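Just one chain is shown here, as structure tokens, and it is the form predicted alone.
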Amino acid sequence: MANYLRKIIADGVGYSTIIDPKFKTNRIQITFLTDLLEETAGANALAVGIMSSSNAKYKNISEITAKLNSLYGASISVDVVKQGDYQKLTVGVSSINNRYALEGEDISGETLSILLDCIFSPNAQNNEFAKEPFDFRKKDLLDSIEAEINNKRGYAVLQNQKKAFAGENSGNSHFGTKETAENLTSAQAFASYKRLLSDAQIEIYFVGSEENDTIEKKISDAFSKLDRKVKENKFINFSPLKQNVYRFEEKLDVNQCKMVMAFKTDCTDRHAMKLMNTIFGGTPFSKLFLNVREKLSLCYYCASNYSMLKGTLFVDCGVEEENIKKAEQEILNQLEEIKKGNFSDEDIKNSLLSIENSLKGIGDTPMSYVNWYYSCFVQNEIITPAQALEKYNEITKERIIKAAESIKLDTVYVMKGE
């Protein structure tokens, strides 16, 4: 298992090292965490996208890719996702460990220099990004928004979230709206870039086979020079339950109807909630899959997912129109069965095995370590996967029932064919 250490290197900037001798590659990742607002989400996503595809030295994606390829196939990546009420924007580089360089080159140092140039020396003038990287990434952003709309299952979940989390940041898309994206200017994207550097919580990760003080010093020197004003972030923010269940429908050009149900909880026993969700609808042997889909054939798919940051459980399914009400009733029935304790020790055992299998996969890749310790950071509990497994194994049937009893239906969205 890896050695993990996090320290503060500047105002609102955390630097984490994850050292595991088995790795032959290094990963350096810089993550910006900022409020997920409809009016800024698109510009933020665009700014980070431009960061990952150009800098003052390498003017476009072709030049930066060619340079990284010459460094034994190093790569740069960008990722934009929603995490609770926050937008998580990440740019990072992966490269081989220095000891595998044929001529003793400092591959990690060179890739880090490129990454830092992308962040601190962008291809920009007069407070605007250069036209080529801006146009390239703006098209990419619009394509991502279009893909989000065309993926009807994901779109249905997002539509439910808009109403389930009405008035909360988490109701917004991490890409912003199509209309906002279409109207974005280079100056707006650059203003967002500057704002991320000054206001966002920044979490930096280095994953490798050994400590590298030079990398830490270069990163620390760069970020400590920033003039920053960072507010304290509250990542866990449970969404309040509505007084009455909110229901709404939408008609689109689809053959298969979609239904998404949002349930709210005030239960803070997150490991019990996770295990309850696994039994309920989180696996191919869950109650929803075996009963609603397989036994009764009411859905093409039916699964549940729990957001620990929002205290909200989503059930989404693909269903024929004539089966919508039956499917909803059976989903509620399966939840009632768990509340009554009508599940077996075998159900618990199988769910624990599924969780154990997932936990044992952490550490197979540098990114799996980053994702694990990042989730520990936002949940304010730094534990190893092995320690987490111990917590799951301690969960009793009574705790699972209590977690299920706390769940109440909040919002139902249905997508029907025109």
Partner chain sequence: MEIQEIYCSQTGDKCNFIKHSSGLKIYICEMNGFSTTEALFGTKYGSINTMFKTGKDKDYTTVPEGIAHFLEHKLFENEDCDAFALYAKTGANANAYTSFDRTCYLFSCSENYLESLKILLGFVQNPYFTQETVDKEQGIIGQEIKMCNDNPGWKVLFNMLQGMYHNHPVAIDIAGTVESIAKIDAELLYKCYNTFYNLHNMVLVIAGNVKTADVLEVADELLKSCENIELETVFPHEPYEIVKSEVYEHLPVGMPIFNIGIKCAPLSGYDRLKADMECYVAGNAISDPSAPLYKKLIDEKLINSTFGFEVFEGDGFFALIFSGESNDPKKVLSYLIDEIEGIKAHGIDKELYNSIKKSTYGGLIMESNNVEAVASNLISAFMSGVEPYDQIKVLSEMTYDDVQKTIIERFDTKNLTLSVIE
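We call the rigid core the largest set of C-alpha positions that still match within 1.5 Å between the two forms. Positions refer to the first chain, counted from 1. Because the structure is a prediction, the values reported are computed rather than measured.
Not on display, but discussed next: the form predicted together with the partner chain.
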| query | Does residue 356 make contact with the partner chain in the predicted bound form, using a 4.5 Å heavy atom cut-off? | reply | yes
| task | Could you confirm whether residue 314 comes within 4.5 Å of the partner chain in the predicted bound form, counting heavy atoms only? | result | no
| query | Is there a heavy atom of residue 302 lying 4.5 Å or less from a heavy atom of the partner chain in the predicted bound form? | reply | no
| field | Contact test in the predicted bound form: residue 380 vs the partner chain, heavy atoms, 4.5 Å | value | no
| task | Considering the partner chain in the predicted bound form, find the one stretch among 215-223, 113-121, 324-332, 150-158 with heavy atoms no farther than 4.5 Å from it. | result | 150-158
| note | Heavy atom within 4.5 Å of the partner chain in the predicted bound form, from candidates 266, 336, 179, 346, belongs to 346
| query | Within 4.5 Å of the partner chain in the predicted bound form, heavy atoms considered, which of 174, 274, 310, 293? | reply | 293
| request: Please state whether every one of the three residues 79, 232 and 244 places a non-hydrogen atom within 4.5 angstroms of the partner chain in the predicted bound form. | output: no
| query | Across 92-115, which residues bring a heavy atom to within 4.5 Å of the partner chain in the predicted bound form? | reply | 94, 95, 96, 100, 102, 103, 105
| field | Rigid core superposition, residue 97 Cα moves 2 angstroms or more between this form and the one not shown | value | yes
| Quick one: once the rigid core is lined up, does residue 168 have its C-alpha move by 2 Å or more between this form and the one not shown? | no
| task | Would you say whether residue 284 is displaced between this form and the one not shown, judging by a C-alpha shift of 2 Å or more on the superposed rigid core? | result | no
